[in-house]
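Shown next as structure tokens: one chain only, the form predicted on its own.
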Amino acid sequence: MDIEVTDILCIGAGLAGERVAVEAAAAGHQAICLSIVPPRRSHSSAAQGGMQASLGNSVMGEGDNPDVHFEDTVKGSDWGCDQEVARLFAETAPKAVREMAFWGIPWNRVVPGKSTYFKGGEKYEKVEAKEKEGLITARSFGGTAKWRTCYTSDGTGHTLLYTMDNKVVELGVKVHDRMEAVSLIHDGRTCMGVIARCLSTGRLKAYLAKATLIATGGYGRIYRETTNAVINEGGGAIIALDTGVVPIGNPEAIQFHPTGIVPTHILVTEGCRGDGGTLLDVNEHRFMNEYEPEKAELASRDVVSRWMTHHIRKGLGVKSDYGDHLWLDIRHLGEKHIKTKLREVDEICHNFLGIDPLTQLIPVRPAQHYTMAGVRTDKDGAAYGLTGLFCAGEAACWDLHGFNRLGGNSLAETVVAGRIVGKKIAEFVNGHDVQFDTGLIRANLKREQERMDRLAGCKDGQENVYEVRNAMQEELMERVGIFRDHDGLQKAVENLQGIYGRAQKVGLRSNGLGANPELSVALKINGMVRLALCVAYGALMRTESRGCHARLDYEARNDRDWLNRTLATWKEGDDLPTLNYEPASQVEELPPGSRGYGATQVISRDET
């Protein structure tokens, strides 16, 4: 057996995984990060706009504090988040941003004096105070009362990840890249590590650890139109769900970002709208101010995505070979602004669309972007169901975001949760001894090797894995998207059950040896369809509208019956998840009320 032992094993080497590893290593523990790709190619690097923290340095952020950030986050979640976690996050975020500055992040800074900014296409003037010169500044993002999104132009994820990876190297954390975790080693009570497959050689290896962290990001690739990278297929969620005891929290909570470019669905940052960009229809008419007079383009993402889709359905979209879309207009921001603060957007437009955003409109429409869903954890990041298993970042349902994530809160979550969970894991390891069962490890290795051999030998069937994946993606796009209803969701569940049957009959066209992408997909396809069924079935059962979960047949947010969190587990042999529920918050600071945007009917908790 090829075995490696460590104190703490981080599955994923993006911002959350590396931040946990940094905290563990700083506490004197040995840490290993596993990553499908070299760490600086992790999907964290794709984040553009910034991370939220209530510093209040900019004149447009004056008076900001953790209380305001907390309130924005709870309202943004449509009261679906864990308020104890939201409070912990809002209090810690300013410390995390300053700490990252100390480690080397080149945050944009306050420049004193007069300057102009745009809101809704209109130019305004602001005056930054001399005494704030050089402090970390912020930009506006959707759903916030203050400007608090700290940024480095529109490459914030890039600079954060490179700086974090430098820290990993400095502290001697080992990173084993091109390694993919294919199953958790556990006895139903305790997690002992993972079985991983080398993507270069195809060989299996066991990693044993006192504590195992899942930090693999989201699983947007179960949808056809997504801003997610090709690696975001849900590997971490799949191996957790496969245990039968670890639940996925709020699987129905899937976020669509308003501005995925057409036709590639690559994201252009919310910073475009935060900096004053506007959305236009086929007549080049601005429309969001008509639907949301107060927030307009800077309502929360779920609200903007719904209104954009509604506007297209009214026949006001722009016809194209790739379907109807709308326009994003940043031309009025000017060359200096676009070439500095939105330079990645400029590059994306030139390289993937062949257009110049200085003079041309950007074709956009909502695309799947983020999973508020994830491995359910407590406030310390400990996963439900297995001792020794933790989770952080987008892979986790911590639960900071509830049913809608505010822009800038996810990048902040990776660093803040990594900081908090890393400390808790270090404490856990100090007081935790584990005995590794060699028989159990050997059995896990044998099971995974036999699974690979069956796929390569087509012993499970002749279904083409890519056709099965395409069918799953089409089903989710068609019936489990921005707008949902009973008939569509019921049909989606039935069709996905059929697709799940097909997934169990997949066989390879290749030999499965070495660096084999077909085998990689085939090993995950059962799990991907299970995740799709968790999303669809969870959405079918939730008979209300809350945040990103918009039911056309149940348009009211129902605080009387549905102020709770879905917990989806998968029992062996089943073709549907088992759904249980828990209260959204055990500690409630902010009672349910109006978000201040997105007209929604509300059934109060007090209604009979």
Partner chain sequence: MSRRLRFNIFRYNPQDPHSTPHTDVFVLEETDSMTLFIALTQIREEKDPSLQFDFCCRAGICGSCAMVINGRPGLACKTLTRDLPDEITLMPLPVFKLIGDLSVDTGTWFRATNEKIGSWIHTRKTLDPDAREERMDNALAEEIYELERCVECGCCVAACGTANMREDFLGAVTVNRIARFMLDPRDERADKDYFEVIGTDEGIFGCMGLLGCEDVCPKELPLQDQLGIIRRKMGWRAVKNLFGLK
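Just so you know, these numbers come straight off a predicted model, no measurement behind them. Numbering follows the first chain given and starts at 1.
There is another form of the same protein, the form predicted together with its partner chain; it is not shown, and what comes next is about it.
Here the marked residues His310, Ala568 and Ala584 all miss its partner chain in the predicted bound form; none has a heavy atom within 4.5 angstroms. Its partner chain in the predicted bound form comes within 4.5 Å of no heavy atom belonging to Gly385. None of the heavy atoms of Ser35 is located within 4.5 Å of its partner chain in the predicted bound form. Residue contact check for Thr116: none of its heavy atoms lie within 4.5 Å of its partner chain in the predicted bound form.
Asn430 falls outside the set of residues with a heavy atom inside 4.5 Å of its partner chain in the predicted bound form. Looking at 527-535, 443-451, 300-308, 90-98, the stretch with residues near its partner chain in the predicted bound form, meaning non-hydrogen atoms within 4.5 angstroms, turns out to be 90-98.
With the partner omitted from this view, the residue of Gly488, Gly317, Gly155, Gly120 that lies near its partner chain in the predicted bound form is Gly155 [heavy atom within 4.5 Å]. Put simply, of His332, Lys505, Lys126, Arg509 only one has a heavy atom within 4.5 Å of its partner chain in the predicted bound form, and it is Arg509. Residues Arg509, Ser510, Asn511, Leu513, Gly514, Ala515, Asn516, Pro517, Glu518 of 498-520 are found to place at least one heavy atom within 4.5 Å of its partner chain in the predicted bound form.
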